[in-house]
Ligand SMILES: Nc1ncnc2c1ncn2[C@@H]1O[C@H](COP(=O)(O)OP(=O)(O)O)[C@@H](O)[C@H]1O
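Only one chain is included here, represented as structure tokens and corresponding to the form predicted alone.
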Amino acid sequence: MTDTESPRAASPIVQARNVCRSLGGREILRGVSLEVQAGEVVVLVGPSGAGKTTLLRTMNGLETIDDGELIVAGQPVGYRIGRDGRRSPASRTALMRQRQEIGFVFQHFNLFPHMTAIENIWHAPVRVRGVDKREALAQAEALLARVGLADKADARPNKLSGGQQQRVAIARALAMKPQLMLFDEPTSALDPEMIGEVLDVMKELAADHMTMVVVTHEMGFAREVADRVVVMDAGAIIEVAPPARLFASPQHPRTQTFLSKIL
């Protein structure tokens, strides 16, 4: 079977075409075009201020694009196109419905502090998707076991380490059974000894063919797990390549400079 005939090639989860985003008169994203196929792991790297997090946030509708086209799981994100061809903001209901298909893991966990670990996980499926509580609870228990925290079900976030909190956050996102998982520097707020436990969970997700877009400075993770590494600089994509090729022979001068500073 050729690449063009494969299921992966036939079903892009993310389609960004000439995406632009400005804030305060400054261009944050400048004509970004990118496709992410089903089951693919794409890692976004680049210097601070390159636009990586902004691009990730547009994929979940946390920020709206000013121009271009952004389709996730078959639907425009944050806007709709009317019969007259004009663009208008998506309704809050439409955006919330779409976010059910997109898991987002933040840098700083964002767990509900008044809930236990297991409550943080089963709450959204029950409230948002209408899942039966017993079913959601069983799923939450399975997810806690999957991220290695079966014994922490009744612990509140302030009793968990940073790495444990982030693993609960991943389980919470997975509980919604999303088509796409977005990770915004998920290990940058962690102590060094806790980074590995979070990356191990992410590696398992990749092995299970979860579609993932990851912003990270963990080049070892990018080298080992990514199908493609996307390098951004000054709001634009400057280079895209499989990790083996990118790290061995970066083509763009800015990529060469960036990698020389962090490797």
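If you're wondering where the values come from, they're calculated on a predicted model, not measured in any experiment. Residue positions are given as counts along the sequence shown, with the first one as 1.
Keep in mind that the form predicted in complex with the ligand is missing from the display, and what follows is about it.
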Seminar exercise, completed: So, the ligand superimposed from where it sits in the predicted complex: by the 2.4 Å backbone or C-beta clash rule, 3 or more atoms, this site is open
Seminar exercise, completed: If we test each of A206, V43, I28, I237 for a heavy atom within 4.5 Å of the ligand in the predicted complex, the one that passes is I28
Exercise. Considering the ligand in the predicted complex, which of G196, G68, P47, G39 comes within 4.5 Å of it through any heavy atom?
Worked result: P47
Seminar exercise, completed: Partner contact check in the predicted complex: of 30 to 38, 49 to 57, 219 to 227, 198 to 206, the stretch with a heavy atom within 4.5 Å of the ligand is 49 to 57
Exercise. In the predicted complex, does A248 have a heavy atom within 4.5 Å of the ligand?
Worked result: no
Exercise. Does A244 reach the ligand in the predicted complex if we count a contact as any heavy atom within 4.5 Å?
Worked result: no
